[in-house]
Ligand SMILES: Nc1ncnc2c1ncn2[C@@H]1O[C@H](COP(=O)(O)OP(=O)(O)OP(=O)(O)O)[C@@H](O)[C@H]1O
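Shown here is one chain on its own, the form predicted on its own, set out as structure tokens.
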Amino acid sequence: MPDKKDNASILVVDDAPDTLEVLQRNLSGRGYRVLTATSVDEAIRILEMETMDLVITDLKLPKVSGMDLVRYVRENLADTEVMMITGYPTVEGAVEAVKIGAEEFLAKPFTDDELFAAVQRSLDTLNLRRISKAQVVSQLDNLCGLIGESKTMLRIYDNISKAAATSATVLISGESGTGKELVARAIHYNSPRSTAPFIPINCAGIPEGLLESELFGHVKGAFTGALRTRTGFFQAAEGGTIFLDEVSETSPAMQAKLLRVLQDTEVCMVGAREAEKIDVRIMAATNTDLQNLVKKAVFREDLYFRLNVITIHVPPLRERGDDILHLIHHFASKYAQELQVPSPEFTSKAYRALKGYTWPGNVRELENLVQSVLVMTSGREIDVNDLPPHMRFSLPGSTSQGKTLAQVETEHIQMVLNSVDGNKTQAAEILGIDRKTLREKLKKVGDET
């Protein structure tokens, strides 16, 4: 990212020596590499020899104006951002500067904080353009849809590579929608088991009475309706990997059976007298704190230790920095192709709004949003006003003024539910309550089905 930590290069252009000295001193003090020029001609000579991340130019310059320098940078230097400062601010001047390509327009006198904030915003915008062209490079053969090059994601790729080299059980943790199944798939498809099946199981999505039969299979006559012998998911995954999503939702009885599978590497079909050996790697995922559930005696400690041989935590989207920009471009291209429309451009303001949002539904919520925006927006450019209202700027208190606490709570619950496509288990996790409490709150507003 081209900011002070990476010694971004800045060219400051001003015909006032005192201003140049102050700007050079202040920006250098923040870690930037700073060059100076007193005219447009001198600035262009520097730009022809040096690669600069940002040009800060005064509006009033001798012979050739700062406006012309802005125009030069925009038309000749695709990988350089530009911002304008002036002691003669006018609305017309600001509009003209923005029209020809200045990312920021700063009126003198300005404070150090105002300067540093404008510089960082300009560098962030430059970074957006660079990211849109960048490609993720990884040592893995198959990322299975994982996208990002933040430090946390690079660490995950490294962990995936290490986990793929073994057959140890893996516990993948993280909030709903972060991509835990993608991590499991990446481990499987980069491992020696890649040619064998990868079978994902949503433990919370199968009724408790059917889960044992689905996982381990059953013999004919084992229970009413068992008209024939049927193998389970564990047998179907022979030689490959079974992925137990939301493993925290399993009952104590099922936890005991899973523990036996891990200890003995064998399963017993419902109604069978003898167990059969299996060769299946087990990976599990949870969006809750299993250690906390162990302390509450809700989850078996011995099963937790068996599952927790290798642990990979998938961070929430709000902690992944500029990865959100990679994801936006990926999903925009994906759905533009599906809709057979040109891939849209997001404005820098739209990017900032998206990057500043907390994303309770994480990557899944982002994907749904991009798909919705592409369907509902007819233009090639996506701006802030094309985003959902809760992602736009609002005055403090403007959305809740005059409403009761219950109304505000109900609206927030509905917003979270919408962000996770109505999944009550995920919504409850985001809200920090259990499903029973969520159901009770929804009943009060007649929304429980």
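Computed from a predicted structure; not experimentally measured. Don't overthink the numbering: it's just position in the shown sequence, from 1.
Omitted from view is the form predicted in complex with this ligand, to which the following refers.
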* Can you pick the stretch from 142-150, 375-383, 104-112, 291-299 whose heavy atoms fall within 4.5 Å of this ligand in the predicted complex? -> 142-150
* Asked: Using 4.5 Å between non-hydrogen atoms, is Tyr72 touching this ligand in the predicted complex?
  -> no
* Asked: If you check in the predicted complex, is Leu182 within 4.5 Å of this ligand, heavy atoms only?
  -> yes
* Can any non-hydrogen atom of Asn287 be found within 4.5 angstroms of this ligand in the predicted complex? -> yes
* Asked: Can Val363 be called a contact residue for this ligand in the predicted complex at 4.5 Å between heavy atoms?
  -> yes
* Can you pick the one in Asp124, Asp322, Asp245, Glu249 that has a heavy atom within 4.5 Å of this ligand in the predicted complex? -> Asp245
* Asked: So which of Phe331, Phe234, Trp359, Tyr304 gets a non-hydrogen atom within 4.5 Å of this ligand in the predicted complex?
  -> Phe331
